[in-house]
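Below you'll find only one chain, the form predicted on its own, shown as structure tokens.
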Amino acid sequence: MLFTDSEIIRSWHVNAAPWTKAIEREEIESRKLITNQAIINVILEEPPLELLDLGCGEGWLARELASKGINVFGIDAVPELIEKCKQRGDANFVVCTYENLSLLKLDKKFDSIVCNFSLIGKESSELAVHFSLNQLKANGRLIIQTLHPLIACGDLAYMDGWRPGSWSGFSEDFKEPAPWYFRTIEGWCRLFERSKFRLLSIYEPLHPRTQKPASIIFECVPEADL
């Protein structure tokens, strides 16, 4: 079966409402137990004044960071999710797909750009990382949290490629699971290198019960800043 980035957007249009409900009710165990706080901790190691939340969803992270005095600007491709952001927070939010990021005329650069479980596709994720390079201030950081490749790989071959999606473990309200593009750790590193980023740190937050990685967090800086 041939998967594309456009199928991801279509799925999120369908599932915006149940996703918002799941976040509100803290139905995603790994997020509640470890990954939400993990991304906040990495961001606050060097607290930014200005942060871009790329793929901000319904805005929970933007609200958390805004409460700590950080000026957050959020971008997401799904209008329903951006509307939720605007209803619940004072941060600036805009609807834009990753494919159209180059058309945005942002009047500022950022100390940090965060992609929290928001780089799901192939070309779209590559465009998002490329875009981030020119939107960071000097010594700015790109921080990406995503599924840990060694855990998410399952029984399939450990190689980059499209995989079918699943809403296993979620409520019956979720429909049409989005496909996703699996990247090995080497695959992520190649993407950073092609985009002229240097990988500074890798974090592997452990699930408190299984003691296996619940995610992986990459911290990168533009090569020109080193």
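Each residue number is its position in the shown sequence, starting from 1. This is a predicted model, so every value here is computed, not measured.
Beyond what is shown, the protein has a form predicted in complex with another copy of the chain; the following relates to that form.
The three marked residues, G154, C189 and E204, each reach another copy of the chain in the model of the complex, with a heavy atom inside 4.5 Å.
In the model of the complex, another copy of the chain lies farther than 4.5 Å from every heavy atom of K68. Another copy of the chain in the model of the complex is approached by Y158, whose closest heavy atom lies within 4.5 angstroms of it. At least one heavy atom of P213 is located within 4.5 Å of another copy of the chain in the model of the complex. Interface membership of L150, defined by any non-hydrogen atom within 4.5 Å of another copy of the chain in the model of the complex, is confirmed. R198 is the sole member of K32, R198, R194, K175 with a non-hydrogen atom within 4.5 Å of another copy of the chain in the model of the complex. Only one listed stretch (54-62, 32-40, 178-186, 165-173) carries heavy atoms within 4.5 Å of another copy of the chain in the model of the complex, and that stretch is 178-186.
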